[in-house]
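Take a look at this single chain, the form predicted on its own, given in structure tokens.
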Amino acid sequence: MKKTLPNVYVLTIICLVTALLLAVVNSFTLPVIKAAEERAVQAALREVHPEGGNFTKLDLANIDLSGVSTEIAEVYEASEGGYVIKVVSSGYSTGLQIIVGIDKNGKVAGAECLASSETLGYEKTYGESLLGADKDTISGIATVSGATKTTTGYKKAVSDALTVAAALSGN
């Protein structure tokens, strides 16, 4: 008993010193990590809305989402006009995450799939067929045979993003 008590003290001191060192390292690296994450987000936003300039994240609590049936995860406003909207939809399976750039004229500037559980892979390139589409023309874009559920879910997500953008711009 007398020998185990000093061992407990030594292990406790080692744990406290290690925790303190980790906290100090974290305080130095956290701002660097946050800045790198913000640069990555801005780069992804510029990928789908190249003409957007800088982007500001909007608070979803202030946005009327009554006209959409998919989950709107994030909304960014572009300094040069338009929006970038991250939508979570479902195609053949759930979790189809799509980021949609909408220019100041209400047309799709870009659409990319960020994550999915789809099996055929059409969601990786289907966004290219939606470039230039707007609320009136998106329904006329063909779905891919053999991937009807995936491409229908993709189109629904982009359509909902267009609805949100129109509501935000007052149209």
Partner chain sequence: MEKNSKLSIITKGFFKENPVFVLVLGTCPTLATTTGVIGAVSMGLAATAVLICSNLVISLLRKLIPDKVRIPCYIVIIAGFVTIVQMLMHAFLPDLYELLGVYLALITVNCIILGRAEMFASKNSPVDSMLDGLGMGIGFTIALFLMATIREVFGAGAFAGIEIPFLKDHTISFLVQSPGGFLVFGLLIAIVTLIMNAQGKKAPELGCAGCPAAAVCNAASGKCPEKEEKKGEAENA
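Positions refer to the first chain, counted from 1. Note that this is a predicted model, so its numbers are computed, not measured.
What follows is about the form predicted together with its partner chain, which we do not show.
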item	value
Distance check, residue 18 to its partner chain in the predicted bound form, heavy atom within 4.5 Å	yes
Its partner chain contact at residue 37 in the predicted bound form, heavy atom, 4.5 Å	yes
Residue 54 within 4.5 Å of its partner chain in the predicted bound form, heavy atoms	no
Its partner chain contact in the predicted bound form: residue 131, any heavy atom under 4.5 Å	no
Listed residue (60, 33, 43, 142) with a non-hydrogen atom within 4.5 angstroms of its partner chain in the predicted bound form	33
In the predicted bound form, the one of 69, 29, 137, 125 near its partner chain [non-hydrogen atom within 4.5 angstroms]	29
Closer or farther in the predicted bound form: C-alpha pair residue 33, residue 56 (3 angstroms or more)	farther
Closer or farther: C-alpha pair residue 29/residue 56 in the predicted bound form, relative to this form, given a change of 3 Å or more	farther
